Structure formats: structure tokens, C-alpha cells
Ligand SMILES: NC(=O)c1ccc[n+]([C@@H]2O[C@H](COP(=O)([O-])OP(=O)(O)OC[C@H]3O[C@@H](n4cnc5c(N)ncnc54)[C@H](O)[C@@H]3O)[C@@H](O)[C@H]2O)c1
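Only one chain is included here, represented as C-alpha cells and corresponding to the form predicted on its own.
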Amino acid sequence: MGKLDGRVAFITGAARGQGRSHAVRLASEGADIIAVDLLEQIESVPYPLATPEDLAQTVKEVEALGRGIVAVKADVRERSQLKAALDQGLERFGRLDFVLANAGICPWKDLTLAGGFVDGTDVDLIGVLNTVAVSLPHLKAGASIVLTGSTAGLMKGTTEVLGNTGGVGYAWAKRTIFQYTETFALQLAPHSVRLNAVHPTNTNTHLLQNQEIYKAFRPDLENPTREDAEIAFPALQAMPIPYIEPSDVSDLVLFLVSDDSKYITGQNFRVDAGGMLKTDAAPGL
């Protein structure tokens, strides 16, 4: 018997990283999965995005646990694509219990007028709103929505590190998720639908493990390696670690969708090894 037997989760950005980790963890507790991902590159993003092969691996890992999965290529920026993907899952599973609006990018190197800021906010904020919007008609009492934010996005001075335009869009989107969580949770509460957000620190995914991030953490080196950057990564946390693993976030996500947290809503949870304790929060939070 799993904690989530008979229930269904809709997960965006599910091809790899945190999204795949969440899918596998929830499946291990009995949930069936509706998984979507873009499976294309966005020009403003300075690291490779997920591929069809990545999503196929998520399918393989979920099915290995004996759970069902419907995996669909869809762009969170396009509400119609998300609705079509969710409809495919609903046709197979007949219900929706959990929504994990996880898809996100960090186009922080793009300084063009129509590039990084627009792409970052379209995926990291509008994509979240679209995911919630297409899900709401199918959610009943006891349902749980979990949004993925970012501790870095909540910190004062983020844009100085991430740069202008794309970095600003990323940070603004994540800060808006913080406020949206508190505001919309109150509207959902009379329907017994819960809404919370998780805000991870550096996480061991492609968003962190790429050459441009290495350069940001080690500006003293022309071509820093992963090993060079990992010397500097612990500066962002209070605990002496370079980063957390996707599974560390999945531990919290499982709690937030399960009945163990049935009266917890409107909360912004930091999985940051004390990082926010070392710095001021961004204005307005």
C-alpha cells in the first residue's frame, strides 16, 4: 500500500531533473503520472533542454514501478497544448489529484529585448499559471497543487549575479510565484484544494551544471570546470554543501501532495540548507 494509491499527478518539466524525480517518487507511492515537457531548445537558454530520449527514460522508470504514465510533448507557454496533454491523461486515468507546475528555465545570459526576459517569464510564470488553469476544472476536494519556485529568485541581489534581462525575468517570475501562492491558496481553500510552493537552492540538474553557471560562480577563471565551481557553490547555503539533489525536493513534494499535509496550504517552503538565512529576501517578500 502506497500513500498515493489510486491517485493521479500532472507534472510539467517531467523529462528529467526535478520533474522526473517527482514523477518517480510519486509513482513509487502508487500514483499514476501525466507527464509533459517541451522537448525542444529555447534559443535564449544557455544550456541544453530535455530531449525525447529524456522523457522516454521517465516513462521507463515510472513503468518499472508498475504505475501508468501518459507522456506528452507540450509547451507550458501554450495553454491549448497543456489542455490537450491533460485531456489525454484524463482519458486514460479518469481523474486528477495532484498538479506539479515544475517546468522552468533560466535564460540569464540573454540580454536581448525580446529574448531572455520574455522567455523566462513566459515559462517560469505564465507556464505555471497555465498549468494551474487547465487543471482547476478537474480538481476535487483533497487535491493538492505544488509550484516550483527558487530560493535564488527570492534573494536580494539575484539579478546582480544572474545579469540583466533574462536573469531579471527569472527572479521576477519566481518572486511572483511566492506571492501568487499565498494569494490564490486563499481562494482555493473553501473548495478544500491546497496550493503550496517549494523553493529549492542550487539543485544538481542541468540548470546548475553548465559552463555558464560555472563562470558565474568562478569569474576569476576563464574556463572553470565543474570541480572549480563546486568549490564556490557552498557560498549560497548556510550548511556546508554545494547543492541539493532533485530527490531532496521530491521528499517535500511527496509530503505536500499526501494526506500527511492535509491542512497545509498557502505556504512557501524553502529547501535551501539555510541559504535564505544568510541573505536578505528580495523587496516585497
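Just so you know, these numbers come straight off a predicted model, no measurement behind them. In this text, residue numbers run from 1 along the sequence as written.
Below, we refer to the form predicted in complex with the ligand, which is not included among the displayed structures.
Residue contact check for F255: none of its heavy atoms lie within 4.5 Å of the ligand in the model of the complex.
Heavy atoms of L65 never reach within 4.5 Å of the ligand in the model of the complex, leaving it off the interface. Taking non-hydrogen atoms only, I69 never approaches the ligand to within 4.5 angstroms in the model of the complex. Among residues of the shown chain, P200 is one whose heavy atoms approach the ligand to within 4.5 Å in the model of the complex. From the list 147-155, 185-193, 134-142, 91-99, the contact stretch for the ligand in the model of the complex under a 4.5 Å heavy atom rule is 147-155. Proximity to the ligand in the model of the complex, defined as a heavy atom within 4.5 Å, holds among L207, V168, L129, V118 only for L207. Scanning V59, L49, A232, A216 against the ligand in the model of the complex with a 4.5 Å heavy atom cut-off leaves one residue, L49. Here the marked residues R7, A85 and S250 all miss the ligand in the model of the complex; none has a heavy atom within 4.5 angstroms. Residues of 72-95 placing a heavy atom within 4.5 Å of the ligand in the model of the complex, in sequence order: A74, D75, V76, R77.
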